[in-house]
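Taken one at a time, structure 1 and structure 2 that follow are two forms of one protein chain, written as structure tokens.
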Structure 1
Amino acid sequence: MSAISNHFFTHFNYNPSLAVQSPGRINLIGEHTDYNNGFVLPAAIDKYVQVAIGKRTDGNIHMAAIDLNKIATVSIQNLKPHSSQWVNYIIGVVYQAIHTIASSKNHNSTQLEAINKGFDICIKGNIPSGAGLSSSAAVECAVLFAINELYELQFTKMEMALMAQKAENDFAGVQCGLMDMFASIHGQKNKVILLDCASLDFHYYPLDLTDYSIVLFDTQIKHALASSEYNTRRQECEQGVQRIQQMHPLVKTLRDVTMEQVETYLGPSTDTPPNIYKRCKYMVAEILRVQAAVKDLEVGAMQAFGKKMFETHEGLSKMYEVSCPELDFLVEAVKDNENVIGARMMGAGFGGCTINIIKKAALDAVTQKVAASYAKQTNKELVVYVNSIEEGTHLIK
């Protein structure tokens, strides 16, 4: 029996029906592009959340979060945002699943009756929270995948990713895009996934890590600003779109916008607030950059790929303004190092990790050098994760 099933037994005094593992994610390139209908290039990693689940009959959800040493109970009849955020990550997806079934035309009332009887769930993980590795998306995907199996709901992976995103929007209050949930649930071993966030088409690319390591340097900075500034960036992009729409009504998102249009309608000679111009300029460049970066990957041009990662960082730091001094320091520290072919801040920003592609032979030397300069600069110990790329959400024994 898995460790998570043992925890379940300890809490609930019976064996769970099933257990699920769902990973965190990295993103090689394409940052903040998901909610602008652009492209992202994420992958699932070897850090994960596990849940074990069993049915109840009294209409309640009993939850036990092992790492937090917390428990909670809610009635399944009355699901609404809770004062504890960890509870929201669980009940938010349950609400979405029930709502989706109930509002589908020929819904299966036996499924609804079954799920409305409630369940016990136990949860534990090893994804560092606040590091930008999407621990919350991993929880949401794990819970949704578990109830999908338990009640045979037959949701597709993409439906589950979209429901998990909606749960994060409505219950956790972050207007995030689809990338994190998509990557957690669709991950495949040793592959990165190009997701077109407009059409939702996706394509797997093998990532050959024979000569390179994907390394995260964790600033250990967790800015409280992150979610409010995230929502502001989203609005600024929408405001840019609204201005362009006045001339080009067919434009729906920044995916439809050219750099020329950014300059003409939002540039310095217009009355557009400079922040809106900067955000949109970064975004249009980044959406194009991901498409070019994938071409590099296809022909194994890793140096060219890495160069684009540095360009993304520059844009995120100077134009999109979601970096912080510590992230900038870590990118600057490796910029001229011939053994580091690419580096940039990863995820929403304002803290968390940089992602680096480092020549394997020089991994220890680079890491030691960066750790020493980071300690000198910030008085903080540099936390380093060397990632392998793993399978997405799946059942475990």
Structure 2
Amino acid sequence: MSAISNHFFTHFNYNPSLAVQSPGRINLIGEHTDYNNGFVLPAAIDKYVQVAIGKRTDGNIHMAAIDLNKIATVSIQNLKPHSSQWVNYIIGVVYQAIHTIASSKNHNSTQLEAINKGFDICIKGNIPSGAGLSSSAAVECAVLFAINELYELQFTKMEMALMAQKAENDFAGVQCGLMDMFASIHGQKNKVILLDCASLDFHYYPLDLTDYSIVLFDTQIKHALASSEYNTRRQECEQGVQRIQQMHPLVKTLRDVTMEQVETYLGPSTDTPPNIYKRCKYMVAEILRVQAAVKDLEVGAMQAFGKKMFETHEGLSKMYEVSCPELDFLVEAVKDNENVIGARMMGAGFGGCTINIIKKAALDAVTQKVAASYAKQTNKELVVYVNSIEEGTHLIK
């Protein structure tokens, strides 16, 4: 039995029906593009959440969070946002599953009756908290995948990803995009996924990391600006679109905008506030950059791919202005190192991690040098995570 199944037995005194592992994710390139209907390039990683589950008959959900050393019980007939956030990541997707089944024209009353009897669930993971690796999405996908298997609900992976996103929006109160859940559930070993956030079409690309490692440098910092500035960036992008729409009514998002239109309608010769111009210029460039980056992967041009990562960071720092001194320092520290082919800040910004592609042979030397420089500069320890690209959400023994 797996370790999570053993934990389940300890808590509930019977063996689980099944166990599931669901990974965290990284995003190689394509930052802040999701809410502009652009492209992202995520992958599932070797940090994960595991759940074990078994059926009940009394209409309750009994939950045990091993890492938090906490338990909770709720009635499945009365699912609503809970005062404990960890509980919301579990019950939010259960609510979405029940609602989806019940609202289907051909809904299966047998499935609904079975899931309404409740279940026991045990959860444990090793995704570092606060590193921007989407532990919440991994929890949601693990739980949803588990109940999908347990009750034979026959949801597709995309349906589950969309339900998990809605659960995060409605129960956890985080207005996130689809990327985190999509990557967690769709991941494939040694492949990245180009997701079109407008059509939800996606395509796998091989990531040949034979000589390289994907390494995260965690600043151990999260500036308070992150959430408010995130909302501001969304508004600035929308304001840019509204200005361009006056001349081009068919434009719906920055995905539809050319760089020529940015310069013509938002540029320095117009009355557009400079911030709106800069945000939109970065965004249009980044959407194009992701499409060019996957062509590099197709031909194994890792150096060219890495150069685009540095360009993305420059745009995020100078044009989109969501970086911070610590993130900039870490990217600058590796910019001229021949053993680092690409680096940039990853995630919403104002702290968190940089993502780096580093030659395996020089990994120890590079990380030691950067860690020493970072400690001297900030008086903080640099936390380093070396990642491999692994399978998405799946059953485990």
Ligand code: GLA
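Reference numbering: structure 1, starting with residue 1. In this text, all values refer to a predicted model and were calculated from it rather than measured experimentally. Note that the rigid core is defined as the largest set of C-alphas that superpose within 1.5 Å between two forms.
Where the criterion is the form predicted alone, structure 2 meets it and its counterpart does not.
Gly267 shows a C-alpha shift of 2 Å or greater between structure 1 and structure 2 [criterion: core-superposed Cα displacement of 2 Å].
After superposition on the rigid core, the Cα of Met247 moves by 2 Å or more between structure 1 and structure 2. Core-aligned CA deviation for Tyr320 between structure 1 and structure 2: 2 Å or greater. When the core is overlaid, the C-alpha of Glu238 ends up 3.3 Å from its other position between structure 1 and structure 2.
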